[in-house]
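This document opens with one chain alone, in structure tokens, the form predicted alone.
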Amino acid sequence: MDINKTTGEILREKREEKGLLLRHVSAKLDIDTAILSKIERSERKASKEQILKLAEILDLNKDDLLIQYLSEKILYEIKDEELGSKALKAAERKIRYIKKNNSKD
């Protein structure tokens, strides 16, 4: 998966590659076609559940697509922060600390 592409671009490319119409995929997701179109154009964020369902529908690796989705979610939260990169590194340390201490339970 190309990390330089948005989640929406990845979804659109894969949908088109499979020859699926927006209306068919949106029906499987039980959402309006306009919403899926906005997700593909990165004008609207999909939910985690929608991402997992889209991975299934489009035969994408669920973990890879979920990592793409989560990384964008983090990016949009901190991209304009002067200390965003440092905060991200601190968060990574905290995740390792929490996992290490939770594994002792």
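One-based numbering along the sequence shown. Quantities reported herein were computed from a predicted structural model and do not represent experimental measurements.
This next part talks about the form predicted in complex with a further copy of the same chain, which is not shown.
In the predicted bound form, a further copy of the same chain stays beyond 4.5 Å of every heavy atom belonging to residue 24. Proximity of residue 44 to a further copy of the same chain in the predicted bound form falls outside the 4.5 Å heavy atom cutoff.
Taking the partner from the other structure, a further copy of the same chain in the predicted bound form has no heavy atom within 4.5 Å of any heavy atom of residue 30. In the predicted bound form, a further copy of the same chain sits within 4.5 Å of a heavy atom belonging to residue 81. Taking the partner from elsewhere, no residue among 13, 34 and 53 has a non-hydrogen atom within 4.5 angstroms of a further copy of the same chain in the predicted bound form. Contacts between 86-100 and a further copy of the same chain, taken as any heavy atom within 4.5 Å in the predicted bound form, involve 86, 87, 88, 89, 90, 91, 92, 93, 94, 95, 97, 98, 99.
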